[in-house]
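Just the one chain here, the form predicted on its own, laid out as structure tokens.
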């Protein structure tokens, strides 16, 4: 029995070892199977990830292509939106701005004048000059100025200063037809409105009975052409009915008339160079044939038939910038009988006139708002009229000295003294004291 027990004790460890060995073998076999399974699983997953990576790359390339297409479409859309906005703006402007527009402007003045020696101190009833503008689209403008004033006899008169059609043929060419202000010189066309004229009247020889034509009836081409960045060439070429003989031998009617009394037309105009510094220099010329038939005038005087050749030339200068306004003009005209004195029916008549004027706003030297509205002005001019070699009564030297006060940009009160020294000894000199209020609108 003891031997059997000893044998069992000896076999027990061996049996236990065999059991553990079998368990380890089984475990090893099981671990290897799982490992292979996991490897296969990982390989499967890696393969899936590679496929997914390829799909993502393909998707990315597809998205890039779509982004480019979207960018192109966005650019095209933005362009179309801008085009539509521009069209909408244009249509809105067209809807807001009709084809026809009109505008009312003009000026008026009142004043007082005292004249030395004749005791004719007078309040001067103002004149009213409305100016009408009508525009059709961007190629036609109608403009007209009326002068409404009270005469010495108390009657009210209405005159047409000008009434014209302007056709904008090109940026550099405008065709003017009708009655227009004369382009000869610069005073009539640019300075005759009382609120623009720095003095209280026209210079000697530039008003009624003077040398400068006031208006013309006919056709005119005008415009400007840039010569360089600093210089512009301007021109006005006029063809109209021209002047007529006046009642007196030394006078011409230089206002435009609606009917010509002969077939000769007046050719004239002005050319100028305008610098960007605001300095302008111009030259004017006019050539006309003048005639009149013999007859009896309304006052009973006998008018002899006359025929003459009229020539005029002149030069002008202007500088208007900041507080300065400097101007000068010279005109020289002559009317000679056609075919000689015996054939023409009158003696040769010559006219010469010139003036120079300087005005300066004190705003150029003072910041004080009251002082800055003050503008001293000085003008001197001469006017000579000769029939043959005989000087006429209207020949004179004229001084104008004044002070202007600008209540507003287009409202001015002008005070001044005017001295007229007549060149004929038989006509006494005059001193005139004036005040005027003029306003533009």
Partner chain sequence: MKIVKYFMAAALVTTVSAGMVAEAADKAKKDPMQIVRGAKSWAQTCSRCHNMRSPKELTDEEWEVSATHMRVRANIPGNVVRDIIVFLKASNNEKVKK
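Being a predicted model, the structure only gives us computed values, none of them experimental. Positions refer to the first chain, counted from 1.
As for the form predicted in complex with its partner chain, it is not shown, yet the points below apply to it.
Novice: Verify the flagged residues 143, 168 and 235 against its partner chain in the model of the complex: is each one within 4.5 Å by a non-hydrogen atom?
Specialist: Verified in the model of the complex; spot residues all in contact, yes.
Novice: Given a 4.5 Å cut-off on heavy atoms, tell me which of 205-213, 270-278, 349-357, 242-250 is the interface stretch with its partner chain in the model of the complex.
Specialist: So the stretch in question is 270-278.
Novice: From the list 73, 79, 85, 133, which entry has a heavy atom within 4.5 Å of its partner chain in the model of the complex?
Specialist: It is 133 that has a heavy atom within 4.5 Å of the partner.
Novice: Of 415, 394, 410, 386, which residue is found within 4.5 angstroms of its partner chain in the model of the complex when only non-hydrogen atoms are counted?
Specialist: Of the candidates 415, 394, 410, 386, 410 is the one lying within 4.5 Å of its partner chain in the model of the complex.
Novice: Can you tell me whether residue 179 touches its partner chain? I mean in the model of the complex, with a 4.5 angstroms heavy atom cut-off.
Specialist: Heavy-atom contact with its partner chain at 4.5 Å: absent for residue 179.
Novice: Residue-level contact is defined here as any heavy atom of the residue lying within 4.5 Å of its partner chain in the model of the complex; does residue 221 satisfy this criterion?
Specialist: Yes, residue 221 sits close enough to its partner chain in the model of the complex that at least one of its heavy atoms falls within 4.5 Å.
Novice: Evaluate residue 98 for contact with its partner chain in the model of the complex, applying a 4.5 angstroms cut-off between non-hydrogen atoms, and reply yes or no.
Specialist: Residue 98: contacts its partner chain in the model of the complex.
Novice: May I ask you to check whether residue 173 falls inside a 4.5 Å heavy atom distance of its partner chain in the model of the complex?
Specialist: Residue 173 belongs to the contact set for its partner chain.
Novice: Does any residue in 187-206 get within 4.5 Å of its partner chain in the model of the complex, counting heavy atoms only, and if so which ones?
Specialist: 189, 190, 191, 195, 196, 198 sit within 4.5 Å of the partner.
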